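Take a look at this single chain in structure tokens; it is the form predicted alone.
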């Protein structure tokens, strides 16, 4: 069964709020085996709602709408749907009682605007809103369904979980949808596509491949649809096995995880610890590691050595190397990694030094030039990168590559 999502509200189009409803709904529908064909965001406009519904029904059997069913004048979804499905509003005693109970529990007094929430389309199936006043409305026409839910996320999620999704499953036959994620490191997206072109060409029609690149990693996502879950999983696993024989150690995980989580698990399994010395990344490496629960098992700490004085006095960098080669150099970043590893008595060290931008570049070292070093107590490996002109992206790219470098370093030492 094909489905679409329409999120309604001027506040979405003006950027006042982030539309989290469609993300959550898409994930839930996918898990339930429904194929989502489109997500649309529109304003509080009768014409836009009608046009969006017409287009959605031309492609899908079920349309999920969120937003625009509050009691104020700008919320026009209920009235528009009443006209669209050629019905009329009637007063619902059960909805009214539900609102009274909610208000009583919260020690609130109902006014006329709130009471108007008990007016519902006569032809709709009504589900009570357990978390708010706006009822959930289920419309049917010609074997197709439109469901209107509140835009408030916790109200929508409650309604979807308790009432809407179970009824959709009962009314429509859902198929098995299986996803498999493969994370590939160190191969640019275009090069990767060429490397696996023959394998990709041989995929069956019901299994599709998506490339999702992110700072040095490409997430390959295999998605399959079938009536038979077991046969689909077997078919996808066969394709993954064939891909593994092609890519080998370039595959860093068979699940969609942040690379720092993969590295953290690797360190924990090895019983090893890590410390970091950051300049251009300004603590971002440490931040991403310490976001992980249990990071104290593997992370001893770090220093943000932004100034040359701190590099020299705390990390033991030779000042003459800074004078001769510059702070952004192989010589300096290697000493930073060695220094933090020694000072914190860690098994591994990471260090970064670069020109994040947008200023500070030179002809020899333009903005985006970054040196990264990783080390253990015996060996140090460093590499220079040229990323780009955008400061935030340079920090994220450096962080990502530092994690990948240490992961590879641990596997080859």
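Fair warning: this is a prediction, and the values are worked out from it, not measured in the lab. Residue numbers count along the first chain shown, from 1. Superpose the two forms; the largest set of C-alphas matching within 1.5 Å is the rigid core.
We do not show the form predicted in complex with another copy of the chain, though everything after this point is about it.
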| property | result |
| --- | --- |
| Residue 361: touches another copy of the chain in the predicted complex, heavy atom cutoff 4.5 angstroms | no |
| Contact flag, residue 323 vs another copy of the chain in the predicted complex, heavy atom cut 4.5 Å | no |
| Distance check, residue 328 to another copy of the chain in the predicted complex, heavy atom within 4.5 Å | no |
| Contact of residue 77 with another copy of the chain in the predicted complex (heavy atom, 4.5 Å) | no |
| Candidate from 206, 250, 123, 307 lying within 4.5 Å of another copy of the chain in the predicted complex - any heavy atom | 307 |
| The unique member of 72, 238, 245, 173 whose heavy atoms fall within 4.5 Å of another copy of the chain in the predicted complex | 72 |
| Options 284-292, 159-167, 89-97, 259-267; stretch whose heavy atom lies within 4.5 Å of another copy of the chain in the predicted complex | 284-292 |
| Rigid-core frame, C-alpha of residue 255, shift of 2 angstroms or more between the shown form and the other one | no |
